[in-house]
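One chain comes next, on its own, written out as structure tokens in the form predicted alone.
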Amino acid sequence: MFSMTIIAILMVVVMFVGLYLKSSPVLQEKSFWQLLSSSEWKPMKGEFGFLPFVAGTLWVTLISILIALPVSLLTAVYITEYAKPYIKRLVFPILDILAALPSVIFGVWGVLVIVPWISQHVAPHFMDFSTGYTVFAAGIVLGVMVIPLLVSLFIEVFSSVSTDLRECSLSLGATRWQTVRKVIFRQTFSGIIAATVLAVSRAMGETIAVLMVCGCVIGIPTGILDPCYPIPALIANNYGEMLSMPMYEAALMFAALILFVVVLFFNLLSRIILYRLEKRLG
């Protein structure tokens, strides 16, 4: 059992080393900073600038979290503090279904519903024409995908607060909402941050759903109605076709390495925050 545990841990190291070795040709040609700060993407000329892809990933992730966070937070508060038992029995299966749906279904929903809505009803107020395949569309689809995860994490965090604290607050004359704001949120603030950070890492790695609605246009988005090209979409779109070009393959492996390091960082950060929360409550 100890050996299996060590193997599971070493898998992370093996993945990092493998991606680094595969991306080393492009790192020998360009420095790490040059690759991240350049916006020139011309593979046939040996120009690999990842700034548009990094910017697209950050844009989509930020919008998805801005959409999902308030919905998930208030939903979790309602379920844990206000909802009657029969409502909980209804909500939990729905959240489980949303969490279990393949991402391609969210992508199809985005193409059929969100993209036309943005193209016909949102974009005309700000520009002459938009296809609807935008940062905003990708953010909405990704936000809906993240909601079940965030709600589950928030419910777990809120449930860790002692019932005695709630009862003490209510016995002193506080309303239920005042108890939530002054007691629950203060006690679980670190857990809320950790859950949000974990959701960010989940959102950054999503591929198919975002690929279907983001537009896949190479460029740094200047607004939410611009198309974008996140890193996962770049890898999914190009990897199979470019294996015959060693430098292009190395560039795509470098993109995977960037995504791996960023997601690993956010996961470790969330674990550290949760550990401190458990230690403080313990």
Partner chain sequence: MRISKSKKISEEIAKVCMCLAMLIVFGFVFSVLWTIFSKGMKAMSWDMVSKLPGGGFYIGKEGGFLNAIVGSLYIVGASTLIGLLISIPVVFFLNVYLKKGSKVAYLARLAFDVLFGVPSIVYGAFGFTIMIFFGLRTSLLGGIIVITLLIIPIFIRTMDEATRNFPRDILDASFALGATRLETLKVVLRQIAPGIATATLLSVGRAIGDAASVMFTAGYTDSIPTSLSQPAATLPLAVFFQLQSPIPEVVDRAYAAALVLTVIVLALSITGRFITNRFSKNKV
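It should be emphasised that the depicted structure is a prediction, and the values quoted were computed from it without experimental measurement. Positions refer to the first chain, counted from 1.
The same protein also has a form predicted together with its partner chain, omitted here; what follows describes it.
Within this chain, R166 is remote from the site of its partner chain in the model of the complex, having no heavy atom within 4.5 Å. Its partner chain is not shown here, but in the model of the complex it comes within 4.5 Å of a heavy atom of I235. The closest non-hydrogen atom of A100 lies within 4.5 Å of its partner chain in the model of the complex. When its partner chain is considered in the model of the complex, P85 lies well away from it, no heavy atom lying within 4.5 Å.
Only one of the listed residues (A256, I63, L35, V54) places a non-hydrogen atom within 4.5 angstroms of its partner chain in the model of the complex, and that residue is A256. Residue-level contacts in the model of the complex: of V122, V111, V183, I193, one residue has a heavy atom within 4.5 Å of its partner chain, and it is V111. If you take 200-225 and check each residue for a heavy atom within 4.5 Å of its partner chain in the model of the complex, you get R202, G205, T207, I208, L211, M212, in sequence order.
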